[in-house]
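What follows is a single chain, given as structure tokens, in the form predicted alone.
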């Protein structure tokens, strides 16, 4: 894997609060190598380590995107949801930002069947066919469509398992991470000081509670994905 320069600056990360971890009483001892100090009862993340692993993650997603592979970005908590959707749409990635439904990947056959139904319902609605049905049937199908849009809207065009899954907040999205581990899907995880750095293929130590921190990490990854996609288009 070729190493590239991704314009990652410590000052920029400090301004975004990437270095602020959780309280010292809530830490995972396995995070010790990624912590530089304690300040006012919270752990301070070593941003040099953050920059290193973020750069490695950018190299990985660039190479993967340059081969035309697919990504899934997962982040369902309120502080991450909007940033996840924006980042995914910008990089033409699939995303889950409301709720991870158990078995979404490990029971892919069922998920794929539901997605086919979702796409069919969208087509029916666009063609106005739902409005021609009896009111009760129409209302029921529209409720189904709304529910599917809420929880599966970000993966409606996903036709197979993703090649890489990017996860915001390991603890919040442990079910998604676990499914990836079972299936052997490579993962990039944004981890705070209360997480286990050994679970993901690449763990990026960073503040997973601050919107600015989440957005910065995602923006770097998305830029690398977009660059990789451009390379794939130029050299099919």
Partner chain sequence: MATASATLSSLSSLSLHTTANSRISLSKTRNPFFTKPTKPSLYHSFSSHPTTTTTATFTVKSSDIDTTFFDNFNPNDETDTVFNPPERPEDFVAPPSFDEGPMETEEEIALAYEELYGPAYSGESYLGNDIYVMDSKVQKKTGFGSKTKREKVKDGFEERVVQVRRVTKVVKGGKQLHFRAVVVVGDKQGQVGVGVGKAKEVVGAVQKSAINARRNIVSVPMTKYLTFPHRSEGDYGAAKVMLRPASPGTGVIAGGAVRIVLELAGVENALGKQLGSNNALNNARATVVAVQKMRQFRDVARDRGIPMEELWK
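Residue numbers count along the first chain shown, from 1. This structure is a prediction, so every number in the text was calculated from the model and none was measured.
Unshown form predicted together with the partner chain; subsequent notes refer to it.
Closest heavy atom of residue 194 to the partner chain in the predicted complex, within 4.5 Å or not? No, residue 194 stays farther than 4.5 Å from the partner chain in the predicted complex.
Is residue 38 near the partner chain? Define near as a heavy atom within 4.5 Å, in the predicted complex. Because no heavy atom of residue 38 falls inside 4.5 Å of the partner chain in the predicted complex, the answer is no.
Distance check, residue 119 to the partner chain in the predicted complex, heavy atom within 4.5 Å: Residue 119: contacts the partner chain in the predicted complex.
Hey, in the predicted complex, does residue 104 get a heavy atom within 4.5 angstroms of the partner chain? No - in the predicted complex, heavy atoms of residue 104 and the partner chain never come within 4.5 Å of each other.
For this chain shown on its own, do 22, 62 and 77 all sit within 4.5 Å of the partner chain in the predicted complex, going by heavy atoms? Not a single residue of the candidate spot has a heavy atom within 4.5 Å of the partner chain in the predicted complex.
Residues within stretch 142-169 having a non-hydrogen atom within 4.5 Å of the partner chain in the predicted complex: Residues within 4.5 Å: 156, 157, 158, 159, 161, 163, 164.
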